[in-house]
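Just the one chain here, laid out as structure tokens, in the form predicted on its own.
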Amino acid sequence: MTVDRIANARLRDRVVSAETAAALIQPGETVAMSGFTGSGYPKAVPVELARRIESAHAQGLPFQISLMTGASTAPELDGALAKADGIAMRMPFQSDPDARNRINEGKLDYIDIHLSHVAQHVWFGFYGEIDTAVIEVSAIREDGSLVPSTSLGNNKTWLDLAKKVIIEVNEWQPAGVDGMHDIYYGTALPPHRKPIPLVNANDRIGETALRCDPDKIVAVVRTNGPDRNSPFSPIDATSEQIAAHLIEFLQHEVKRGRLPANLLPLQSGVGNIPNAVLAGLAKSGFRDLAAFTEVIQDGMLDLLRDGVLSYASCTGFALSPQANETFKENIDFYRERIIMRTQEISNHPELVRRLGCIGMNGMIEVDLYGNVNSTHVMGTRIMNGIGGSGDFARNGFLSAFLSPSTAKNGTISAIVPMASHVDHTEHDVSVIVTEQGLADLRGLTPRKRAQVLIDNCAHPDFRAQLQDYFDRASRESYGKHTPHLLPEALSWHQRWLDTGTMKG
């Protein structure tokens, strides 16, 4: 017997087509949609909205919206709306190539902010009112509460503040996800805030479903479509080398008594290098680990299955097709070990500091003194956004940034004299890791940081060039605390733009 995912009779009467629902969104609106790193985003309404926008443009009529989400979404949302030239402003994080191109062409306004800031800044009124929220859920309960799907992101805030709400009920999402969520309704605006009662990374402090005033729900759309399940490339030798350096460092920290044997709650970015780190942790004998992070990807599912990771707290998933099938087939097992929280909790700076998280994130480049650029190629072209890396870098027990030492077939060095854009200042960066080695920057003065980075992390093709710059800067710089030759500090980037290589 098939159970109707819409158990509330009143809301069942509001079921319409995606086309009808999209027609409720008007030009110039601020629209907040669900979705976080390719999971839990609406699959049907954005596509129909893009068609409607294209039709309006064909008639010479203006039609754009301002778009807010939790983080990156998928081609059916960011991609479709960007191709239709339907987005006037986008925040806070994106990874769609069409949207990225429009941003870098200056045709789409983009606001890149810390993910922990989004909900509170919207509550503060910094971005005006939310006209419409479009939220994917896995089910609607009989009492009208909404069972989230595979991400929570900012959905609670969108539902609380939007004037009208469109719900997509996605039957592709596993029904067994019900009970995995922990939605905290105890936040408030200053000066009425109170401590968040979360002491351990696996504490449950909230509710398993979202609240929404049923009078605001103007349409319900039935869907049946997968999340953006992008397969990961096999872990390569470079990623394994980076992982090995970091794991050796963590083992050393345990031996020195600075970390417990089961470490501290882990936060990990998405991609091959984090997956390699997670695989390496299992091989190295670590057990009883915990994660307090934003996104669960394949490697964390493996650690949960094998008992290496006891539990994981997140706000969304980023799974390959194979891992997603494993997740759905073993949903009862994972529901006991995974807690999904709202973005304002998963990335909350005070919780990150209190729990003592170990942050592991990627970067584009780092300069000689430890300033990290994680968002802009050559200082001007946005890649994706800062995401939550800053939340964990500034507030975590340890902040590690990981990257191959070169990019673009060896023409770009990830270690540069001066970062062309700074997302994480030297004050927030503990450890830099490349396949060449690891630089522990804690407790070092700027000049000592520079030498350790050159010696341990720079690629041999660039090491002498970096050493030459640093030696001359140490003699000739206006100030000797953080030596720089200003006419040369960004010359490496200009050389690459002019010639296609940073090599001098």
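The first residue of the sequence shown is number 1, and the count goes up from there. The model shown is predicted, which means the values in this text are computed figures rather than measured ones.
Beyond what is shown, the protein has a form predicted in complex with another copy of the chain; the following relates to that form.
> Go through L161, A175, I205, M378 and name the one with a heavy atom inside 4.5 Å of another copy of the chain in the model of the complex.
It is M378 that has a heavy atom within 4.5 Å of the partner.
> Only one of P195, P234, G285, P231 has a non-hydrogen atom within 4.5 angstroms of another copy of the chain in the model of the complex; which is it?
Exactly one listed residue reaches within 4.5 Å, namely P195.
> Tell me which stretch of 333 to 341, 221 to 229, 350 to 358, 271 to 279 has a heavy atom within 4.5 angstroms of another copy of the chain in the model of the complex.
Going through the listed ranges, the match is 350 to 358.
> Does another copy of the chain get within 4.5 angstroms of any non-hydrogen atom of D85 in the model of the complex?
Answer no; every heavy atom of D85 is more than 4.5 Å from another copy of the chain in the model of the complex.
> Does L490 make contact with another copy of the chain in the model of the complex, using a 4.5 Å heavy atom cut-off?
Answer yes; at least one heavy atom of L490 falls within 4.5 Å of another copy of the chain in the model of the complex.
> Flag Y127 as yes or no: does it have a non-hydrogen atom within 4.5 angstroms of any non-hydrogen atom of another copy of the chain in the model of the complex?
Because a heavy atom of Y127 falls inside 4.5 Å of another copy of the chain in the model of the complex, the answer is yes.
> Looking in the model of the complex, any heavy atom of P148 within 4.5 Å of another copy of the chain?
Heavy-atom contact with another copy of the chain at 4.5 Å: absent for P148.
> Let me know which residues along 470 to 504 have a heavy atom within 4.5 Å of another copy of the chain in the model of the complex, or say none if there are none.
Sequence-ordered list: S477, Y478, G479, K480, H481, T482, P483, H484, L486, P487, A489, L490, H493, Q494, W496, L497.
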